[in-house]
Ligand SMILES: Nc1ncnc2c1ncn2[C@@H]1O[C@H](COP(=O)(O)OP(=O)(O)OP(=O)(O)O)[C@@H](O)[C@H]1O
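This document starts with one chain, in the form predicted alone, laid out as C-alpha cells.
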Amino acid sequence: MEWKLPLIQLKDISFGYPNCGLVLSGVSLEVNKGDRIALLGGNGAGKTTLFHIMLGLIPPVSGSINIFGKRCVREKDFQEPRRKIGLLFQDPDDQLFSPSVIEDVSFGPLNLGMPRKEALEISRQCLERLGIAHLERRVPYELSGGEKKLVALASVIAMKPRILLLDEPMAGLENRAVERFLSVIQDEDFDAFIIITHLPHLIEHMVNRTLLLKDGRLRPQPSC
C-alpha cells in the first residue's frame, strides 16, 4: 500500500543552548515521499541541531516529532526510525571509528543483521560507486578530509536507508568527488533526502524544495 502520511513531521519545535537563547523557535516541517530538500542557512542557524532533533539525538524544549506515522518522544521511540534514516555528519571523524575502511562501511549492515558476506559485498559496491574502492584496507584516520567524507557517505548508503540527512556533504570535496557524490545520490532509490549546504548551485537540479533556516524559523525559498 502506498505510504501517504508524512515520513517525518515536526510541529512547533523549539530548542536553545544554555546562555544562547532559542536557536529554533516554533519550527514545523513535513517531509513526504519524493521530497528532495535543500536546507540553507548561515553558520549557527540551527541546521545541524534540527537534524539531531529529528533523530532524537537531542530533545527539543517543546514541540512534537512523528516519524513514519509514530510519535517519538523517548529514546526507545527513535531506535527503529534510526535504522531507516541515514545521517551523514558534518565532521566525518564523528562517524568513522573502525580500524579499516571496509569495517567502517560494513558496520551498519552487520548491525542490522545482514550476513557478513552480503554486508561486505554491499560495502564494496558502495566504495566502488564512489570511486574509493582502493581505500578498502586503509585506516580511516589516516585519510584526507575529502576521502573521509566519501567513506562516511559509503557507510550510510550501505545501510540502504529510506531517508538521507546530509550535513554539508560536499564541503572539502574536490570537483571529481562532488560529481561522484551527486551521481550516487541521484541514482539511489531514497524515499526522501535533505541536504544542508552552502553550495546550493551544485544541487539545484536535484532538489524540488528549498528551505531557509533563519532567526529560528524555516522559510520556503523559490529556488536554490
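What you see is a predicted model; the values in this text were computed from it and never measured. Just count from 1 along the sequence shown to find any residue number.
Keep in mind the form predicted together with the named molecule is missing from the figure; the text below concerns it.
Although the partner is absent from this view, H198 contacts the named molecule in the predicted bound form, with a non-hydrogen atom inside 4.5 angstroms.
At a distance threshold of 4.5 angstroms between non-hydrogen atoms, G46 is in contact with the named molecule in the predicted bound form. Using a 4.5 angstroms threshold between heavy atoms, Q90 counts as touching the named molecule in the predicted bound form. Among heavy atoms of G34, none comes within 4.5 Å of the named molecule in the predicted bound form. Interface residue among I203, I13, V23, L211 relative to the named molecule in the predicted bound form, by the heavy atom within 4.5 Å criterion: V23.
Picking from 35 to 43, 172 to 180, 158 to 166, 62 to 70 the stretch near the named molecule in the predicted bound form, with a 4.5 Å limit on heavy atoms, gives 35 to 43.
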